[in-house]
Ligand SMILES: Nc1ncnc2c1ncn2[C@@H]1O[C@H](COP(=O)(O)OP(=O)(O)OP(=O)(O)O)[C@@H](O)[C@H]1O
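So this first bit is one chain, no partners, the form predicted alone, shown in C-alpha cells.
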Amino acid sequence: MNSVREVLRLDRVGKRYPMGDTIVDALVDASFTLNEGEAVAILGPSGSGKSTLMHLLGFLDSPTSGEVIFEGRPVAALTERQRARIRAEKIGFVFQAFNLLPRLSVRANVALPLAYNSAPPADAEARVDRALELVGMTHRAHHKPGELSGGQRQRVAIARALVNEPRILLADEPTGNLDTKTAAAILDLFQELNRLGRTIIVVTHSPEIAARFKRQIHVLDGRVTEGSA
C-alpha cells in the first residue's frame, strides 16, 4: 500500500501589508497540506488573498507569520539562493499571459528553464521532447509564438513549466486569456497530467473552473477554507 507523500504544507500562515496608516491582513492563519499527486483549485474573487497565497506557495514572497514547509523543510530556513533553486527546478509556473519570448522558437522557449539549473541535465534534449509530446505540440516545435493560437501558446507555456520535471505545477489563471472551448481543452490537459502523476495547483476566480477539481481551497477576505466538487 502506497503511503501519502506530503509536498507542501502551510502552518498558520499569515501575510500583512502596510497600507498608509493601516495594516492589511492579506492572508490570515492559513493551514493546509498538499500531497503528491493531488489536483487542487484555489478559488477566490479579486482581492480575496488568493494571489498572496499563490506567491507564498511559489516562494515568491515570505509570510509575516507561520511557516511554509516544502519537502519537510521550513522555507524560512533556506537561503534566497536555495529558494531560487527550488523555484527553478521543483516548481513549474504557468501564467495567464503565457510569457513566451517572441523571437525564440517553441522548442527554445520550452528549453529555457533548463539553462537555470545548477547543472544542466545530460538529457536536456530528451526532456524538451517529452514536454512537447505531453502537451501535443511536437509538430509546432520550430514555430515562433506569434504563429500559434492562444491555446497552443498556453500548451507551450505548460511544456516549459514541465521541462524540469517539477514536483508541483502552479498555474495562475491559466485560462483567463482563452475562449471557452480552448479553456476546456487546457483544463483537460491539466487533468491528464494529474492522471500521469503530476501535482497540480490551479489558481482561479471561476467557480466553474474550480468545480472541475475534486479538492478546492477557497480564499475570501484573506481566510482559507476547504471545499470539494
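Remember, it's a predicted structure, so these values are computed and weren't measured experimentally. Residue positions are given as counts along the sequence shown, with the first one as 1.
Keep in mind that the form predicted in complex with the ligand is missing from the display, and what follows is about it.
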Practice problem: Would you confirm whether the three residues 45, 96 and 205 all fall within 4.5 Å of the ligand in the predicted complex, going by non-hydrogen atoms? | Solution: yes
Quiz item: Looking at 164, 51, 177, 191, which has any heavy atom no more than 4.5 Å from the ligand in the predicted complex?
Solution: 51
Practice problem: Have a look at 41, 30, 170, 26 for me and say which one sits with a heavy atom within 4.5 Å of the ligand in the predicted complex. | Solution: 26
Quiz prompt | Listed range touching the ligand, judged in the predicted complex by heavy atoms within 4.5 Å, from 30 to 38, 193 to 201, 180 to 188, 51 to 59 | solution = 51 to 59
Self-check item: Neighbours of the ligand in the predicted complex among 131 to 164 [non-hydrogen atom within 4.5 angstroms]
Solution: none
Self-check item: Comparison of CA distance in the predicted complex with shown form for residue 53, residue 96, at least 3 Å
Solution: closer
Quiz item: Knowing the Cα distance between residue 51 and residue 96 changes 3 Å or more in the predicted complex, does it shrink or grow relative to here?
Solution: closer
